[in-house]
Structures are given as structure tokens and as C-alpha cells.
Ligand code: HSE
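Listed next as C-alpha cells is one chain, alone, in the form predicted on its own.
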């Protein structure tokens, strides 16, 4: 039996609770028995070493907040658990509070899974060294590409290959905006408003449309699968806010699409920018899909596509890491 503490109970945390309940019988047939013994977020928490019903937590969250009075420190100091799942909101500047939560759980000697890009953007090498020092596993598939298993693909299926370069679409919001502008020849401002009304873009879309989210994911990939010691400051970033309908029309008439592409190579060059892509190229995707084109020395060119966001899709990547740790 593996005891789990969930740190963060927002959209992703609730997605995880939903699928761990939904997949319980399948997991048991795989010989896996997961017991959630703690759930905490910024409002409070629930602790029960006999196990917590995920559906009861979801019901509590539907009605409001978790009970007050239980903090992260209470869990770390008093609860016996094997795996910590950290899904607090991303802070790309400091990585906090997720960075401190992850460090504390690793130092406690438990395996950790996160969907939080912030800690990996600012302290990837430190976290990996800390995990190695404490003899624990640290997994983060959900930080890049949602349900698109790019990190595990490289670690498992492409083991032994040297990754020469990677380029891809790593932000569904920007891709939706650009593909809609292209299809209807609509102005950026109009499509952004549409995306916000549909819940695809945030009220403040800066993180997505200025290329910062893509840059953060590119940093994680460069560090994790290419061994580059990079930070956000090392990425040349240009967003999509300057793309016009005239540029879209010109690109189309010449057989191209414009997409926001993140690129990294072994020389340590990292770049995020709108790029002309041949219309029938694998990266000329429409909608909110994510994709990665990986160049390897042995397997050649490998292409992967998947849903890059959504609470169930992200939770799927967390579940994959959870099974990987436990088998």
C-alpha cells in the first residue's frame, strides 16, 4: 500500500482525485493500492491515516473550502506517507510556494510528483541533486504537454538515444489563437476575446501569449532530456501579440502556417517565437493540441502529439508518474 498526500486542491488536484477514484478497480488489478491520507491547499486540509475518500473531498470543494486549521507543516510533521503529489499554482519567478513544499517532502524521504512548472524552472538541478541525495524519485511529466508523454517517451522508449534537438508547440492557448486567426483571418484582439469567453485563455493571458509559458516548458525539457543547465533568462522569447491578419494571409497564400514554436538544441540555444511552418508539416496544428518533434542520433525523427491542458489530461500524466514510481 502506498500512502499519498496531495498538496493543492485546485483544478488539477481535483482532476487527480476524480481519476484516482475512477480508476481504483483497474489499479487494484495491477496490484496497486493507493491510499490518500492527506489533502491540503491554501484554505486548509483533511488528514486521515485510515484513508480519505476522494469523492468526499470533491464534494467539500464543490461546497466551498477545505476545513481550516491544517497546514502543510502539520502534514509533514505528523503524517506517515510515501508519495507527495504537489499541484499548487505555478510561480515562474520564484517557484514558491511549491518549491518549498517539494524540497520539504524530498528531505522527508518521500517520492514526489508535481505538475508545477515553477520549481523546475528556477531550481531543476538543485531539486534533482536533492532527490538523489535522499534516495527518492522525483517525477514531473505533467509539467510539459499535459497528457503528451514527452519526458517518459525519451526516458523509456528512447533510452540510449542522444537527443539532438527538440521543437514543438507547447502552449494550447497560443496555438488556438493563431489557428483561428489563420482560418477566419480575424484580428488577434477578437480571437483573444473569443478564447477568453471559451475559457481557453486566462483573463490575463500574458503568460501564454507572450511566450513565457512555452519558454518555461522548453527550459524543463532542455534540462531533463538534453542535460542543459538552462533557465528562463537563457531563452530568447517573442510572443504572438504582434501577429497581424495581413501576415496570416501572406503566409497562407505561400503555403505556410504561423505557429508559436519552442526550440532547443544541444549547443544550448533556446528560442520561443512565431515561426513559418509549411502547411502540411506535422507542427502546423490547429486548436489547442500540443506537439513535439524530437531529433535523435539513433531513432532519427520522432513526433508526438497530445492534449496539452485540461484537468483530466494533466491528472493523467500525474497518474502515469504515480504508477511508474510504484511498479
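Numbering follows the first chain given and starts at 1. Everything numeric in this text was worked out from a predicted model, so none of it was measured.
What follows is about the form predicted in complex with L-homoserine, which we do not show.
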> Only one of 168-176, 155-163, 182-190, 244-252 gets a heavy atom within 4.5 Å of L-homoserine in the predicted complex; which is it?
Replying inline: 168-176
> Considering 19, 304, 309, 11, which brings a non-hydrogen atom within 4.5 Å of L-homoserine in the predicted complex?
Replying inline: 309
> Heavy atoms within 4.5 Å of L-homoserine in the predicted complex: does residue 86 have any?
Replying inline: no
>> Since only the chain is shown here, I'm wondering whether residue 217 would be in contact with L-homoserine in the predicted complex (any heavy atom pair within 4.5 Å).
In response: yes
> How about residue 111: is it within 4.5 Å of L-homoserine in the predicted complex, going by heavy atoms?
Replying inline: no
> Is there a heavy atom of residue 117 lying 4.5 Å or less from a heavy atom of L-homoserine in the predicted complex?
Replying inline: yes
> Relative to L-homoserine in the predicted complex, which residues of 200-227 have a heavy atom no more than 4.5 Å away?
Replying inline: 208, 213, 217
